[in-house]
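Below you'll find only one chain, the form predicted on its own, shown as structure tokens.
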Amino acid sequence: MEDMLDSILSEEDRYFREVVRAWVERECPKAWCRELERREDVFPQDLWDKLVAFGALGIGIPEEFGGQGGSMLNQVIFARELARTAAGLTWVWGVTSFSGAKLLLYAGSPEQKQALLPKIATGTLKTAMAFTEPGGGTDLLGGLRTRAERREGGWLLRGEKIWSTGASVADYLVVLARTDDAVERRTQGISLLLVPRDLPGIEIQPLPKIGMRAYSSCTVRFDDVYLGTDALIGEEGKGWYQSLEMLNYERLINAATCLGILDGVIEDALEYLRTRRAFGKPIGQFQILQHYVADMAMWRAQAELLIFHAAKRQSEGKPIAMEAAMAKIAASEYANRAADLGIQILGGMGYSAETDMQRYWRDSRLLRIGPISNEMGKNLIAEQLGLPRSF
């Protein structure tokens, strides 16, 4: 079958894809990733070390800051190839890549970029996002209660965040906080702060969850945390606007992760269909199961085109708000639906922790909810099409 991405990917991009694919197959096989994921709340340092050795944290960071360079297409390719075996653990790479590197590239000061980007590129610094609040969920603005008040020499931070993935091992938390109440619009008066995790007054507690168990998502409490003036990222009061590009990037990496999960699901389903026999024949001969896998292949093709179209637009400096939302919604819905059918194909073995299908289902189920729910994503698409705001 002809590669549908031929018109999007350059020869260099295709070579990069082959290099990543070979590395994943050699260093991150499915059985190994399956064992990593079972270590609940134990950070997979061995996966991180392999990512660092490969130079994965430097993808997308310019060479002047110690990175590998590369475009959004390269990052999407990497996320997809890794997720084929690692599934949700792909975010061990992705969180620092978007909450740290991308945000600093978009909004960081020259001093912040020079000090922190080389450390991210070489894997000596981890970041985590602390945006969502317990009473807010997807409603980041309406639920925002965390405050940072001006103090002599810096800021005083108070509040609580939830679902901060990687917070327990991060060196810095990227915190969304209100810094000014005297504003005309709720999108104003919000700032981004880069908060060292080990400061006094910070309490972090992992949350048990059904997927991505080795990479904890946490509640984070800030109880009178004092920050220096250098904690501010970008311009005071403009944090919401500064975060929008990073959030679009996050949605696109989310979509690429789901695309990789689709690859893994189809690969495992086909292997089982070819080798499992029932009623005297390979089960791949049964028409209903052929229809299941045909549906998966069509879902993957649709998701692939949406994702790589959006990534190419971003690499060309074009806006991708609607394209990233479409890609995220389609890919996460398709991946979760395909994983559910994959469990059905494998039968009892699909429900067993000895196979990966259940892991693909658990991890893709989360990605329909976060980092933005698919329902909210559809609201954003409708608004981009000119319909009135529904929230």
Partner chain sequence: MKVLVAVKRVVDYNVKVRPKPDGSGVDLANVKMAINPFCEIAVEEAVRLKERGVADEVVVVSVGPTQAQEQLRTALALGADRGILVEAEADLEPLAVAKVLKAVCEREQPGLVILGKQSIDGDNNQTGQLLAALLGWGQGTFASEVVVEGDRVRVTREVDGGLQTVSLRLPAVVTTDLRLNEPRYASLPNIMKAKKKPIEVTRPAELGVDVARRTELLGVEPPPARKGGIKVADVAELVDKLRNEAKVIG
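Because the structure is predicted, anything quoted here is derived from the model rather than measured. Numbering follows the first chain given and starts at 1.
Although it is not shown, the form predicted together with the partner chain is what the next lines describe.
Within 4.5 Å, heavy atoms only, one stretch in 35-43, 53-61, 335-343, 352-360 touches the partner chain in the predicted bound form. Which? So the stretch in question is 53-61.
Would Glu375 show up as a contact with the partner chain in the predicted bound form if we use heavy atoms at 4.5 Å? Flag for Glu375 set to no.
Is the gap between Asn74 and the partner chain in the predicted bound form 4.5 Å or less for some heavy atom pair? Contact with the partner chain, yes.
Report yes if any heavy atom of Glu27 sits within 4.5 Å of a heavy atom of the partner chain in the predicted bound form; otherwise report no. Although the partner chain is absent here, Glu27 would touch it in the predicted bound form, with heavy atoms inside 4.5 Å.
Quick check on Ala382: any heavy atom within 4.5 Å of the partner chain in the predicted bound form? Taking the distances in the predicted bound form, the answer for Ala382 is no, it never comes within 4.5 Å of the partner chain.
Could you list the residues in 12-32 that come within 4.5 Å of the partner chain in the predicted bound form, counting only heavy atoms and keeping sequence order? Read in sequence order, the residues that approach the partner chain (within 4.5 Å, in the predicted bound form) are Glu12, Tyr15, Phe16, Glu18, Val19, Ala22, Trp23, Arg26, Glu27.
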